[in-house]
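First, one chain by itself: the form predicted alone, in structure tokens.
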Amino acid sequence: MATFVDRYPEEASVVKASLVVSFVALGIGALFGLVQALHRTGYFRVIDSVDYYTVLTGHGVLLALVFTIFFLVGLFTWAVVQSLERPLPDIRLTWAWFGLTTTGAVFVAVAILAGFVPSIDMSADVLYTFYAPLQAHPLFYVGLAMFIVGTWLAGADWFLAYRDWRGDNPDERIPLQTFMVLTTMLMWYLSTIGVAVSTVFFLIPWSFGIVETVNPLLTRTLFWFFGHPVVYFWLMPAYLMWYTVMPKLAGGRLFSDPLARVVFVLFLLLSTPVGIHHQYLDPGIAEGFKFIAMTNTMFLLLPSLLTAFTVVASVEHGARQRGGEGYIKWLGALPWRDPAFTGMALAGALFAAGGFSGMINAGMNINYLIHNTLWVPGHFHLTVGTAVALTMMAGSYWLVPQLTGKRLYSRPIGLLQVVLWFVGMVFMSNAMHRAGLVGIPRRTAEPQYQSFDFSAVIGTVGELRAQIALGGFLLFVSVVLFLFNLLLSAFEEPIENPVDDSLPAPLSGASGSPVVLDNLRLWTAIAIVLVILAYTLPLASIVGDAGLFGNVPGVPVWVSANAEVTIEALTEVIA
């Protein structure tokens, strides 16, 4: 039986190119992560603390935006083509969005990496969140705008493929993987309105000097309009693999297609109207709006719990097909020697822990305890750093052979790699959460305050630092093993069937569920209404208080080349 690359060679080339960009970003971002972990804990310092923020920005942007989203566009291209069983309408459009997105990512990376070279008057040490008043070089914002438009065009490409399929299949239910892609992209179109408006209308003109001031609270709010749903944009590729690939690897079938559709509809509806829960400590936003955001956020637990139920039920079904018995013993019948399955299962286990710590972040009162502490990166290293990243790496062991027609170089190395990631993340995230509880701050190269010693409730701060350094080291080794394994796989000889890429039908198919679930116009309209209700009054209040362009001049971040300008601007902002 022919694999994906045999059936759709042109689309396979685009998917491979997307994964190559994704994995290059993963390698650089992981190196930056190791440098951070060792520098901050004081075990090994190869950079000045001023450059720590260049490393921190590079780590966040390259991993959270470039690695994840390039993997997503590759995976979604594969999912749409294989589930609709037809090539994309025009491969030139496909290469066009790939080129635009890649060029944008390169611009962003150049602006960040230039911060290491004092003689170059360019830097973008504005961190992954990049809102004002920290001001990056214009190339950073232009690259971001191109990157986002590129993802929009990718979505358009997939919608055009769906339109053609619908023309030939007017009465069919949308194939599940395509349904997941389309609902995710509708959420993405809605949520990126905020960051697009912020970048194009405020940050780019401000960085070029066309406008002199900015409203920091407005740019923060527009960022978080996008900044929370982007978490689900990263997460949905993992969900797609947990729902459609993981049951097959376990030896079974998806438990319920309708439940999967309900989950993706709920994420479309609920992901965007919740971003203000990242701004509980921001002045200028009324407490009532924050309370509404908190309430909306708690509703997001529902699709996560439905996912836990459906995926575990599917995996258990697979185990029982393999001879598993009993209440717990069936776990032993699962294919734990398969790195693709084991990696996804371990990712799901740590995602559950990340969900619990996320509830602390979402609660208004207890958020105050851990706000801006190491707890926060501890949380998203469990969610984005494991649920997403580990699932993507594990899924690659199953996906890449379909794209190349070559077997994986080493399954034992793959298995060691995913286990190493799990162990490293347990060390790092555990220490970060505990450090956050005692108030140790995030985003600083020098976490100690003068005449103040942090005191851990259990253990010592030195032990927490050791765990973070050890975790960072293990995670970096894991990435090296992953890239090494895939690189050597490229030199394998092509074979006829490198992997079984067939996906079995769900136990409960789409035919038994309400047709309204496939009404994408209806769900999009409701999502838009919810966003209008959640954001109209807060944004009107912010603009009414400080104006559209505010009165803050901004703080250029290329410190070494603009020290006097930066100090002057910072003084003005503080005043």
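All residue numbers are counted from 1 along the displayed sequence. Note that the coordinates shown come from a computational prediction; the quantities given were computed from them, not determined experimentally.
From this point on, the text means the form predicted in complex with protoporphyrin IX containing FE, which you will not see here.
Across the options 536-544, 523-531, 507-515, 48-56, residues that bring heavy atoms within 4.5 Å of protoporphyrin IX containing FE in the predicted bound form belong to 48-56. Checked against protoporphyrin IX containing FE in the predicted bound form, the residues 465, 442, 290, 253 give one hit for a heavy atom within 4.5 Å, which is 442. For the options 195, 111, 432, 214, the residue carrying a heavy atom within 4.5 angstroms of protoporphyrin IX containing FE in the predicted bound form is 432. Within this chain, residue 550 is remote from the site of protoporphyrin IX containing FE in the predicted bound form, having no heavy atom within 4.5 Å. With a 4.5 Å cutoff on heavy atoms, residue 472 counts as touching protoporphyrin IX containing FE in the predicted bound form. Using a 4.5 angstroms limit between non-hydrogen atoms, residue 384 touches protoporphyrin IX containing FE in the predicted bound form. At least one heavy atom of residue 389 is located within 4.5 Å of protoporphyrin IX containing FE in the predicted bound form. Heavy atoms of no residue among 232, 303 and 347 are located within 4.5 Å of protoporphyrin IX containing FE in the predicted bound form. Annotation for 35-62: interface residues with protoporphyrin IX containing FE in the predicted bound form are 36, 37, 40, 52, 56, 59, 60 [heavy atom within 4.5 Å].
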